[in-house]
Each structure stands twice: as C-alpha cells, then as structure tokens.
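Before any questions on binding or motion, here is one chain by itself as structure tokens, the form predicted on its own.
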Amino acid sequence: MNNSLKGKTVVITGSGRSIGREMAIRIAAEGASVALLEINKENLEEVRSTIAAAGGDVRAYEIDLGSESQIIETISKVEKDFGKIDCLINNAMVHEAEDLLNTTLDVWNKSIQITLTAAFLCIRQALPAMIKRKNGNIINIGTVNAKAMIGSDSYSAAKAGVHALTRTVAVRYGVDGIRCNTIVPGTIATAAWQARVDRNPNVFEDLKPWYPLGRVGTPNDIADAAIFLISENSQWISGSELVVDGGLLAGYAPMFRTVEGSD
C-alpha cells in the first residue's frame, strides 16, 4: 500500500466490476478505507475478498440502488461503520445501446433511475454529515456521451444529468467545504461492452482511429483520475470535468485529414 489516501473513507457505488472494481482495488491500495456498494452479491464478495487479501480496510454492502430506502439505510450504515465518509464516488449506471426509437419506457426509466436518481439520492444522504464536518468530496463518473452525440441515448441523457448535478453540488455547497467533480471517460474496455463485442469482436479496434492517442481506455485510466481527485493534490478543484478520453473530445481524429485533403 502507498498510503497516499490513508485516513480517508471512500464509498463507491457499482463497485463489483469494471471501472468500479478497479477504482475500489486501487483506492484501497492507496491506504483508504473502502465501502463497496453493489447489487451483485457474487461480484461484491469477489472485490471485497481481493481487497481484504491485500490487507485493505474494506466492507461490502449489497444494495439495490433503485430503492430510496435502501440507499438511505446503507449510507447511514456506512457512516456508522466507518465513522465518516470523506468521498462518495457515484459510479453505478445502466448502459443500454438502443437508439431513441427503440428505447422502451422501462429502459429509459431504468437508465435514469440507476444512473442519475441513485447518484442524487446518495449525495443527498451523504451531504449532511459532510457539511457538518465542513469537509466532503463527491466524484461523479460521467461520460463523453454527455458532451457529444455518441449513441446509447437513454444512458447519454442520464449521464448529462449527472454532469449537471456535479455543478449544482459544487456551487451550492462549496461554502460548506464540499468539492464535487465529474470524471469524463471516453470508451473504456469493460464488461459493459460485452453485448457489442459479441456483435462485433473488433469493436475496440474499429474505435481506435477516433482516439488521437490510438487506443480505447482501461478501468485503470479512470482509477488514476479518481485517486488524484480524492488526494490532497486536488484541493482547489471543484465543479470541474476531468476528461479522460485519449483526446477524443479535442477533435474527431479522422475528420481533419478529410477537411484538409491530407488523406
């Protein structure tokens, strides 16, 4: 353990796989105490046992983030178990790849409920104790889809709400010592892409030309950003969007050569 985050308690939603799992393992390795919030019991136990085996301070909480009462109960239990919450990372989401016309109301509602509403409820429950301590750090995991039309319409709309929520918290509660930022990933090769990989095993290769740095991202890229925002090195950063996208939003890489005629 590097102990750069020693003494901090970090709550991570959707921490049973992919980006959430990597963040949990890396943050614990930096010395933080970690509370895992996850609906999948098997995944939850795997991450908990992995962190515990490495000597990390970790507790696991099985939760359905679609339930307001479970969120209230679980956040309160985390505060009781650890004594405080220094940082809340809202990572859980539902990612459906349907276009607008093929998005059912059930899919739309589920995307909003887990991706946006759960983040709001977790923040609302964690904020009072943070405000009382005059110290709190909230990190929301957003997406480049909230900044440009890149498909997955219900997911994109929900994540755009998450970006707005970050600004609201940062401005309204900054006076109370609360920081709130959004990490904005580009394409990250995770299990969330499995259905699309099944349809096109070369999907990540096909996406590479759009990224100036020549690759899609990994969960470790996002974990690096999260560790920075939790650390003492980011104390005057709030209301910001930390874009971790290999240069995607800086400009669409295949386009400029066509415009210039330099292909």
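Position 1 is the first residue in the sequence shown; the rest follow in order. Here the structure is a predicted model, which is why all the values come from computation and not from measurement.
Omitted here: the form predicted in complex with a small molecule. The next part is about that form.
Heavy atoms within 4.5 Å of the small molecule in the model of the complex map, among the stretches 64-72, 24-32, 48-56, 224-232, onto 64-72 alone.
Mapping the unseen interface onto this chain, Gly186 counts among the residues with a heavy atom inside 4.5 Å of the small molecule in the model of the complex. Interface residue remark: Ile39 is counted as part of the site for the small molecule in the model of the complex, having a heavy atom within 4.5 Å. Leu127 falls outside the set of residues with a heavy atom inside 4.5 Å of the small molecule in the model of the complex. Of the heavy atoms in Ala92, some are within 4.5 Å of the small molecule in the model of the complex. Ala192 is the sole member of Ala192, Ala164, Ala97, Val107 with a non-hydrogen atom within 4.5 Å of the small molecule in the model of the complex. This chain lacks the partner; the member of Ile178, Leu121, Ile114, Ala157 within 4.5 angstroms of the small molecule in the model of the complex by a non-hydrogen atom is Ile114.
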